[in-house]
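As structure tokens, one chain now follows by itself in the form predicted on its own.
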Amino acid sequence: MEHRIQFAAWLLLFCGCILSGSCKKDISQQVIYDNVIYEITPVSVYANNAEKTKQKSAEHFISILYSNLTDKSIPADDLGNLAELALSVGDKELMNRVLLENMLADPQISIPSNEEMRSNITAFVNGTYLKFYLRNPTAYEAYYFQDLINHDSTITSEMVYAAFAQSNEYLFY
């Protein structure tokens, strides 16, 4: 009787080893590369203002103006409300000016201080052209603005930003 129990135990162990060895689950592994780094070369979008042929819609103007002044995107509800308001006003230039004045009064705007502007006027002018016009200034434009800022101490960085935002070139992309 004891031999039968030992034989049954050995038989059970043998069958368990065979079954465990024959039922292997195929494991496949998929490698996903989610940390790919691309190199980006900074390139100006436009070579000159003549390339801009499409006028911005009210939504484009508001959205781009807000992001240029705050370095953030405008909340969707605010954009929708302001675009609807802009469409209801007949004088687009007046509406754009009122929007600009209200945005400039917002404490969240990120305009360089006057000291920052005057410490490196060349960098300020080049940065302003890239931010508002998406292009580098021509040699004459760079000279004109640098000379204007150098010789007129009443000009502030806020005035320069307002002038760029109210220009005809800023209305097109």
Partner chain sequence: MKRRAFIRKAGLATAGMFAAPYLLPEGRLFAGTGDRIVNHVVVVLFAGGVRQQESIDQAYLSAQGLSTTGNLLRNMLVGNEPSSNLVYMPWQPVLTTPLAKQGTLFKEMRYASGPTGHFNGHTAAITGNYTQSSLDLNQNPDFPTVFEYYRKHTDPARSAVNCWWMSEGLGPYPALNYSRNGMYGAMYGANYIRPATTFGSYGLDYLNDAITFQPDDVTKIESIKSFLDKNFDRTAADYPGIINTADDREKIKAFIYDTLNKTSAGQIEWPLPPGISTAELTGDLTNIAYAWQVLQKFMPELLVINSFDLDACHFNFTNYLSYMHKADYGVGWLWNKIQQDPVLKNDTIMICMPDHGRNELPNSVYDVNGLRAFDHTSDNNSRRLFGLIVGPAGKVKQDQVVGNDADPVGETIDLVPTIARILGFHEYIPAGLLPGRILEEAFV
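Residue numbers count along the first chain shown, from 1. Predicted model, so just to flag it, every value in this text is computed and none were measured.
Heads up, the form predicted together with its partner chain isn't pictured, but that's what we're talking about next.
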remark   = its partner chain in the model of the complex has a heavy atom of only one listed residue within 4.5 Å, and of 121, 64, 134, 111 that residue is 111
request  = Using the partner position in the model of the complex, report whether residue 68 sits within 4.5 Å of its partner chain, counting heavy atoms only.
outcome  = no
request  = Mark residue 49 yes when one of its heavy atoms lies within 4.5 Å of a heavy atom of its partner chain in the model of the complex, and no otherwise.
outcome  = yes
request  = Classify residue 104 as contacting or not contacting its partner chain in the model of the complex by the rule of any non-hydrogen atom within 4.5 angstroms, answering yes or no.
outcome  = yes
message = Please tell me whether any heavy atom belonging to residue 81 falls inside 4.5 Å of a heavy atom of its partner chain, as the geometry stands in the model of the complex.
response = yes
query = Which of the residues spanning 70 to 93 lie within 4.5 Å of its partner chain in the model of the complex, based on heavy atoms?
reply = 77, 78, 81, 82, 84, 85, 87, 88, 89, 90, 91, 92, 93
